[in-house]
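Coming up is one lone chain in structure tokens, specifically the form predicted on its own.
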Amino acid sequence: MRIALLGGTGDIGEGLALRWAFHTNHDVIIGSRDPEKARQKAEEYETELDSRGVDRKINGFENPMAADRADVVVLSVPPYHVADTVDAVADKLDEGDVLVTPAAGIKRDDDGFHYHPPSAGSVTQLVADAAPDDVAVVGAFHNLAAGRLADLDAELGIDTLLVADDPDAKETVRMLAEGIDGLRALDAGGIANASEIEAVTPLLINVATNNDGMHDLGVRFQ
């Protein structure tokens, strides 16, 4: 499949791009508001993969062009940019495309990190409200430590929770997620359940911050 990571120059975008390019044969496309930055990052990812004996071509484009070339579009952008990013690429999305959002609303104060959902109730619901009617939305990859994901020497052994109202789209993302070695995808129901999953992200950050040796914390359900 062709996967576009909009905001693929950032932490979670880098981790997913490297993992998909390293572990699978899917085409990986990097998107950014700045096409030159997208191309530079794509070249950096190619260099990292080449150092590990993997010869892969990764292309970088401005976000709308990246979305136009993909079957699955991952919104690897901060939560306050997701609606604007969807609006910017909406006319490049085709019926049957899948839009994936890993973002969680978070705020920070002196006590730590806290869940801060948008008025829609969750970032996933916000994306679903902004997406074209014929484009399915899946919430996934919310609770992954970006540094651990981007370190190809790190074994994952962790889970990601999926929420979607379209079972076919959810199955597509499950297949993509489990193409990454050590990542297991679990069905957490519909988009109405997204807030429970997104709220786990600040919890993990707080635990990682306050405990030695847990910087790249992940979750495994047993």
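Computed from a prediction, not measured in an experiment: that's the story for all the values here. In case it trips you up, residue 1 is the first one in the sequence shown, and so on.
One more form of this protein exists, namely the form predicted in complex with another copy of the chain; it is left out here, but the text below deals with it.
K.L.:
Another copy of the chain in the model of the complex: within 4.5 Å of a heavy atom of each of G112, E196 and L217?
P.N.:
Looking in the model of the complex, the three residues G112, E196 and L217 all sit within 4.5 Å of another copy of the chain (heavy atoms).
K.L.:
So which stretch, 35-43, 184-192, 51-59, 65-73, is the one near another copy of the chain in the model of the complex (non-hydrogen atoms, 4.5 Å)?
P.N.:
Of the options given, it is 184-192.
K.L.:
Could you confirm whether G179 comes within 4.5 Å of another copy of the chain in the model of the complex, counting heavy atoms only?
P.N.:
G179 lies outside the contact set for another copy of the chain.
K.L.:
Consider N25 of the chain shown here, and say whether it contacts another copy of the chain in the model of the complex, taking contact as heavy atoms within 4.5 Å.
P.N.:
Contact with another copy of the chain, no.
K.L.:
Test of understanding: in the model of the complex, would G157 fall inside 4.5 Å of another copy of the chain by heavy atoms?
P.N.:
G157 belongs to the contact set for another copy of the chain.
K.L.:
Can you check whether R148 is within 4.5 Å of another copy of the chain in the model of the complex, heavy atom basis?
P.N.:
Result yes; R148 sits at the interface with another copy of the chain in the model of the complex.
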